[in-house]
Structure formats: C-alpha cells, structure tokens
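One chain follows as structure tokens, the form predicted alone.
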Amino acid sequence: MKKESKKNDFQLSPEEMEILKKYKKRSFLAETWRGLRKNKGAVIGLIIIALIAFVAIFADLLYDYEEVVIMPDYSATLMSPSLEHPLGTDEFGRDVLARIVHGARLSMEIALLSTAFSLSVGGIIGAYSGYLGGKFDAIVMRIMDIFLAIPNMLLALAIVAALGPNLFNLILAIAISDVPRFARILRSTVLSIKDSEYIEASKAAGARTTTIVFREIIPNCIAPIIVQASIVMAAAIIIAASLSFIGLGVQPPAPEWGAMLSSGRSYMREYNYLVLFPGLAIVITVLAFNLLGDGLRDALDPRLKR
C-alpha cells in the first residue's frame, strides 16, 4: 500500500500530461513565434520587413536596372508624381520609385552582410573570451573596450575614408564597428552558462575547447544574438545611408537611399518628393527592424515566459 501511494504521488494527471506533451513538441521557432505574435508592433515590423525583402529579391522583375534605374532620360527630368511615375522623377529623369525599389536591395544587402560578418567574428571572439577567461579574456576585452569607446558612425567613417568609398569597403567598415558589441553580448552570456552541468559533462567526456564552444555554448546563446542582430541591422542601414549622403558610401549612379537624399537636397524646395520618399524608406525600414527587435527581446526573454 505504501509503495502504491508513493507511485500515485508522482503520477501526473491527464491534463498535465497533455500540457507536457504540447510543451515538448514546441520547437524553438514555434515558441518564439508564439511569443512574438502577442506583440502587435513586432508583427507589423515583421510584415514590413517581409515586404521590403520581397521587393528587394524581385526588384529586377519590377524595374530593369540598366534602362530604368540608372539610365538618364533627360526628356522626363523632375516630373512630379503621376500615374506614369508614382513618385516622380529625379534631375536625370530616372523613376524615383524604381530607384527606391532597387535601393531596398542595396540596403538589405548591406545590413545582412555587415551583420553576418560582425556576428560571426564578434560571436567567436566573445565565446572564446568568456569560456577561456584569464589573461586572454582581459586582453581581448580591453581591445573591445577601445573600439567601443569610438562611436559606430565615427569608426565606420574612418575606415571608409582610409580604404576608399565603395560597397565592399562600406560593408566591411560597418561590420568592424559592430564586432565589439556582439563580442560583449556573447561573453556575458557565456559567463552565465559556462559552469552548467552539460558543459562540465562535455569536459569530462574529453571534448575539445573548439567543440564545446561551437556545439554547446554558441547554440545556447542564440536568443540574445537574434535580438542584437535585428537592432544592428537597423543601425547598419542608418550608417550606410549617412556615409552615402556625404559621399563616402555607395557611389552614384547606384540607387542607395542616402545617396538619393544627397542628390535631391539641391532641389528640396521646389521638388521635395526627391528627399521625402527616400527618407520615408529609411525611416520605415529602420522602424520595422526596431519594432521586430523589441518583440524578439520580449519573446525570447525567459523571465517573461509562463
């Protein structure tokens, strides 16, 4: 009788078993989406980003790059918005909408590539620094502190000015300026989990440091990485547009949004649409990434999960 009562004490009710089964079936993406969809702002941001990504992918099908985007048409210069040209034309007769659509591809390319590079390099640096600790950690973090003391925009500006203004150097400059942030985030996360039982078990099994870092540590730091990546992508678009605006980013006639603002400022009083629409494209895209970043932070925060 005593044994049966002990067994019954540890038995779960049918309702509890169903809840446990549902919880086990949920993947990481399903859990994230479940938390994300509760935030209306994050859902709106995700929809906007999805639309921009769709437009960027199929930009060539919408408007021919050579004939419509960069080829001048002096017979249609500075035409106000109309049915033929919904957002008007610029000083060279090029369709503003077509240039904004292809500019979305450039901006997304810069944001994705620069974030991927800084995440990869900064993540590896931060993971090894936090896991190894000691003098290596102290030296690496002091170097990161030096980079963090310089504002992102100023550091990217210095790198582009030294290497020369083109798309590759712009992506590289933005990526280097964001490496310390990912390194800091990964290091702090690693410090909180490196003494966990599964890490100790890997050590006891004779796993190498590289194996532990890439198989055990980095996959368990994915939540803060995703949140930071969304915020960094928004910042990358702003920095790219700012550098292009002052002539140190993507060079004309490429349809980068910042470069479009720069060329349109001379006509801003009479033809304000030349700066209005590219500016709105930047604002909406950056706002969408920030909304998504806030939603991901809440969805991936274990303290907010029930």
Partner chain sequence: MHRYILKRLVQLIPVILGVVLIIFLIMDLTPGDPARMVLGNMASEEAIAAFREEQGLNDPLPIRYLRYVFDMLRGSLGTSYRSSRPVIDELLARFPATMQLASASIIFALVISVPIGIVSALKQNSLFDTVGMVAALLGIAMPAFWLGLILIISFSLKLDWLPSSGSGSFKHLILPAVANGVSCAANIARITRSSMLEIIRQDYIRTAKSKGIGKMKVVLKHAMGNCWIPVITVAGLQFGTMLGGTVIIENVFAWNGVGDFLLKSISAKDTPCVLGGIVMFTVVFSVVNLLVDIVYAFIDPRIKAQYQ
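Computed from a prediction, not measured in an experiment: that's the story for all the values here. Numbering follows the first chain given and starts at 1.
Below, we refer to the form predicted in complex with the partner chain, which is not included among the displayed structures.
For the marked spot (108, 112 and 116), a heavy atom within 4.5 Å of the partner chain in the model of the complex is absent from each of the three residues. Scanning 268, 62, 30, 50 against the partner chain in the model of the complex with a 4.5 Å heavy atom cut-off leaves one residue, 268.
For the residues 146, 139, 204, 222, the 4.5 Å heavy atom test against the partner chain in the model of the complex is passed only by 146. Of the heavy atoms in residue 35, none are within 4.5 Å of the partner chain in the model of the complex. The partner chain is not shown here, and in the model of the complex it never comes within 4.5 Å of any heavy atom of residue 98. Heavy atoms of residue 121 never reach within 4.5 Å of the partner chain in the model of the complex, leaving it off the interface.
Interface membership of residue 151, defined by any non-hydrogen atom within 4.5 Å of the partner chain in the model of the complex, is confirmed. The stretch that touches the partner chain in the model of the complex, counting heavy atoms within 4.5 Å, is 162 to 170, out of 207 to 215, 192 to 200, 129 to 137, 162 to 170.
Along 242 to 279, these residues reach a heavy atom to within 4.5 Å of the partner chain in the model of the complex: 242, 245, 246, 248, 261, 265, 268, 269, 272, 275, 276, 279.
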